[in-house]
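The data below hold one chain only, encoded as structure tokens and taken in the form predicted on its own.
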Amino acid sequence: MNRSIVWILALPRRVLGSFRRHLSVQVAAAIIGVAALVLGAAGGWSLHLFASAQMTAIASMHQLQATTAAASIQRFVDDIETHLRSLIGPSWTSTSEDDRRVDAVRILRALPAVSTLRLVDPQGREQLRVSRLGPDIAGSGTDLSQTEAYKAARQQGRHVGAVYFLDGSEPYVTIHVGGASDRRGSVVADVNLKLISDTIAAIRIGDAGRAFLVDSQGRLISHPDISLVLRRTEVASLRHVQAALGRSPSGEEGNLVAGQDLEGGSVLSAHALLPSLGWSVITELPRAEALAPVNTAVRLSMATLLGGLLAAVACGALIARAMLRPIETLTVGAAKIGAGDLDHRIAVSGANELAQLGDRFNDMAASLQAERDTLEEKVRLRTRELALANQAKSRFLASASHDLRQPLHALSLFVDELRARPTGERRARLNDNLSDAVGRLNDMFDAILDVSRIEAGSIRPQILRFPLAPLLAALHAIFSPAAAAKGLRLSIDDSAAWVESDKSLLQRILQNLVANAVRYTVTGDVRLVCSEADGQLTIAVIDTGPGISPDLQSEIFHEFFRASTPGQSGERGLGLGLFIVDNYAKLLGHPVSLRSEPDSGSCFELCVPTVPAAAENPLSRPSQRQPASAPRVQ
């Protein structure tokens, strides 16, 4: 027993002596050390880059979710204010009490979130109260003129009060909208904020992430668990909530904040402020879920490093004694490369495996040197590309939601007017307005669907030979009414050429180009000119519009690009029309070119291959069904 203890205690000294006496041991140790250094440096750098990218992606996702939810909630409040403002538009003396009651009931039905409406005359006295929670009251005469809310609404146009909980449970806020004119009254609405829950509940962040809404005091207004809201849960003490409320140094938008949720779990959080309301949308994602990919990568790297070290020990033990000198050369060279001297090259004579290994070390050094020289630039460019892509998507989501909301809102107003049983002439105009609004929605969704199909790569062109004349005639029939309505001269050449293309995709390209020309041309004419030469038909769409500056001509075919100059009607589109044109043209192999100068109009040219004329057959006949109206370029 004593001899075993003595032997164990003497083991480190024996190993050190063997290391000093045997060069093979030294060579093997050198190989192991170099392998560990290279693997550790590469693994550590890779982990660093991966962890940085992961945290950047998490922060971007959090902030995007919070910002999107904040925009939806702001639109919810703005929509209520818009409806309320319609009540105070007419002069108080120009409307009767019955008219005001009818308008108030209509607004109450249109806004499910509003529980009570109070109409106040220009002197600040309540004249009518309409409520879902109790009987209507007329002529109460309650004087509100001295309240801070009334004064603020008269001076600033509106006043949003502090959040309160009706009967100690459901959250409410009072919105006071007033007119600056002495002839107009004001309106006070009690809004049930429980209806915001759908917006908050729809946010999905990872598997266990969530979002919630708090007021300026840190009280829950909306949460996926509605019971927490009804119990008036206070969350102002949570670290990430304090950051959102500006009570801690780390509370800047765009930064992830570490904290603990109501259950005591560790979370990462981001937030977005609604400045006009003083509320904040806050997101939470469990820290373990956010860092799970990083932890997995660490374990894999450690396993790889351990495997590399074991392989190095085995190789060193087998080859150290027979190849000491080449190994010494390799060791010295690898040490220099591992230390950062990537200009160093290893020279091993012969054509055996060690010489080849020396060549591989040299190749590795050259690759690391090249990678080191370009990695920083690649990271910078990639980061910029991701940032631009996120900004473009955010702008598109904001603009698309706004543009889609306009026809939907118009549809709601037109339907309300139809329910009021208007005269026959007014009903005919409303039907036309409804048709136009539905057409705008269809065009927007068609453009979004086209972009989705392009990005998914699901479009398969059906190349046919067909005459171009029916397609040109259809274009003239589609766009003549729109051009005439704007006072433009529209001319489309009649061509006898036969072309080889996909009929529906070619028609979509030309429709988008002509629609763009009609949209942005205020005066003058829009022409479609065909010219044939060398087996190619050049189709040119020429307008006398505002033109396009040279610095924007390389960007107008990009996704989500929106013209800075709106059309005559004020519409700007979704920024998808020319992106669809460019992608369809590339898919068909039809080159598209642009010639334009500011204030001198634009000319888009499309080259399509021609074929000899042939007898028509069912596959080459043009469709007999044409769109009812011109599509709107998105």
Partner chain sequence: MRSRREFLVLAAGTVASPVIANASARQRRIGWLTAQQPGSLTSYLEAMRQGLAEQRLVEGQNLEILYRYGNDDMARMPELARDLIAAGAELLVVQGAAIPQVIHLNLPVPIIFVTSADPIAAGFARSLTEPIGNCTGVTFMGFEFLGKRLELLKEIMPVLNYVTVLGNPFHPGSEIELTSSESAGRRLGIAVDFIATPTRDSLEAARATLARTRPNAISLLPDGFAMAYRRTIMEIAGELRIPITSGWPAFAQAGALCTYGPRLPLIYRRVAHFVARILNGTRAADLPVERPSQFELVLNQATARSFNLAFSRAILARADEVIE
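These figures come from a predicted structure and were not determined experimentally. Residue numbers count along the first chain shown, from 1.
Just so you know, the form predicted in complex with the partner chain exists too; it's not on screen, but the next bit is about it.
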| property | result |
| --- | --- |
| Contact residue in the predicted complex, chosen from 489, 558, 429, 109 - any heavy atom within 4.5 Å of the partner chain | 109 |
| Proximity to the partner chain in the predicted complex, single hit among 382, 372, 345, 101 (heavy atom within 4.5 Å) | 101 |
| Per-stretch contact check against the partner chain in the predicted complex, the hit in 510 to 518, 491 to 499, 162 to 170, 330 to 338 (non-hydrogen atom, 4.5 angstroms) | 162 to 170 |
| Distance check, residue 132 to the partner chain in the predicted complex, heavy atom within 4.5 Å | yes |
| Contact test in the predicted complex: residue 525 vs the partner chain, heavy atoms, 4.5 Å | no |
| 4.5 Å heavy atom contact, residue 219 and the partner chain in the predicted complex | no |
| In the predicted complex, residue 194 touching the partner chain (heavy atom, 4.5 Å) | yes |
| The partner chain in the predicted complex - contacting residues of 50 to 69, heavy atom within 4.5 Å | 50 |
